[in-house]
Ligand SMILES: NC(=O)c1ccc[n+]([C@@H]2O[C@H](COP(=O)([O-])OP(=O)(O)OC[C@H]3O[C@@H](n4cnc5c(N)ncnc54)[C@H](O)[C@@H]3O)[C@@H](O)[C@H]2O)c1
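Okay, here we've got a single chain as structure tokens, the form predicted alone, with questions on binding and movement later.
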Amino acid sequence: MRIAVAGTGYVGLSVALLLSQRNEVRALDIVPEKVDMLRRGESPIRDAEIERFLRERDQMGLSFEATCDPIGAYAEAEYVVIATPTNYDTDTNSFDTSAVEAAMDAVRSVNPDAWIVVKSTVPVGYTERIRAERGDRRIVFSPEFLREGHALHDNLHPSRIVVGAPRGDTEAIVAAMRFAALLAECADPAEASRENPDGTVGVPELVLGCTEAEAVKLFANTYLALRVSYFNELDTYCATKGLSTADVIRGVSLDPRIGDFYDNPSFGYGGYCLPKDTRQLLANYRDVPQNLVQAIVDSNATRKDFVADEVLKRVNGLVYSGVARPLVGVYRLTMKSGSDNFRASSVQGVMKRVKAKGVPVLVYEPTFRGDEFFGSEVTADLASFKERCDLIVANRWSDELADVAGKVYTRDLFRRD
């Protein structure tokens, strides 16, 4: 089958490579440099499985082509997956879906019959609305559930596959079922025999209404943000009252209903998805009673305030001990280990608050291209960074810091994401 994918970020590139195992896939991007890298077998993003697939695509027999040509990509495609960015617009309190709609325009200009599968995260109700506004019934929605740095791995080992089609539209439902099957058959073969907690076998394939599928995405990410916020607030309490956070978390997490996972404190939830998805869900609640979703959004800002205050206390301690103007180091701008994504990383919020008090900051980020990040010097020289800094702030611990552990402030208690 011929499939096109618009966008080669984490979502688009991982889906394109996944499907290229059994289908002819053309991945479109408007940035020529990214397309050139992909043609050379180089990944523009850090993801071990994506890098391996690109490096070994000939040996693996992948039918994958990167292009800047929309006509060549879309003209003969049966399915077009749209995976363009939908950043949150604070002026409209909603996702900016203009890139999604531009991609739809480009598809329809050359191919009126292809099924468009929106994988970009959108507001609840978007798919039904855009189908009606455009008079285009051949649009469905399929949320992604991927971790940054593990996007292709999560496509090969999906927790579930969800596709949304309008209720009562038989043709769209059949198209949604076919697309779900395409994703499932390209998953790791071992997934076909896995046993799920509900007693079913194989990857769960859910074909829901469009709006329900959109809600699944936003509510799932908001729950993850809730869990991050919960254990961060637990840590804030313990740190303030002199308790051992690690002991309390272990005691809480041994309850099988809670579980010993996704419970490691941090500077706050961040990355591309959770901050914008929680705010979009909150905006969708504008005429529905709620308390919890607002609290999740507010909690993240409160956590960054607390962490920044803790850093400033340590800066003041250095001043009292005779360090005239302590230099604070920020170890990595990335959201988590194994990622090269800086977008909305929680350490940036802490950094902003510390700098607002006049404290100089030096950033160590080897993947950053440039000498400054929002007015702060950036270095890729780790040895110099460790020597120059009086205090090092690290959202996630690294053994690279072991020789200066006494300088490091982190809440990474269990040394895992």
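All of these numbers come straight from a predicted model, not from anything done at the bench. For every residue, the number given is its place in the sequence shown, counted from 1.
Just so it is clear, the following notes concern the form predicted in complex with this ligand, a form of the same protein that is not shown.
- Among the residues 116, 73, 176, 103, the one placing a heavy atom within 4.5 Å of this ligand in the predicted bound form is 103.
- When this ligand is considered in the predicted bound form, only one residue from 275, 158, 85, 123 comes within 4.5 Å through any heavy atom, namely 85.
- Contact with this ligand in the predicted bound form, judged as any non-hydrogen atom within 4.5 angstroms, is confined among 53-61, 29-37, 353-361, 383-391 to 29-37.
- Using a 4.5 Å cutoff between non-hydrogen atoms, residue 131 does not count as a contact of this ligand in the predicted bound form.
- Proximity of residue 182 to this ligand in the predicted bound form falls outside the 4.5 Å heavy atom cutoff.
- Taking the partner from elsewhere, residue 172 is found to have every heavy atom lying beyond 4.5 Å of this ligand in the predicted bound form.
- In the predicted bound form, residue 144 approaches this ligand with a heavy atom inside 4.5 Å.
- In the predicted bound form, not one residue of 175-197 has a heavy atom within 4.5 Å of this ligand.
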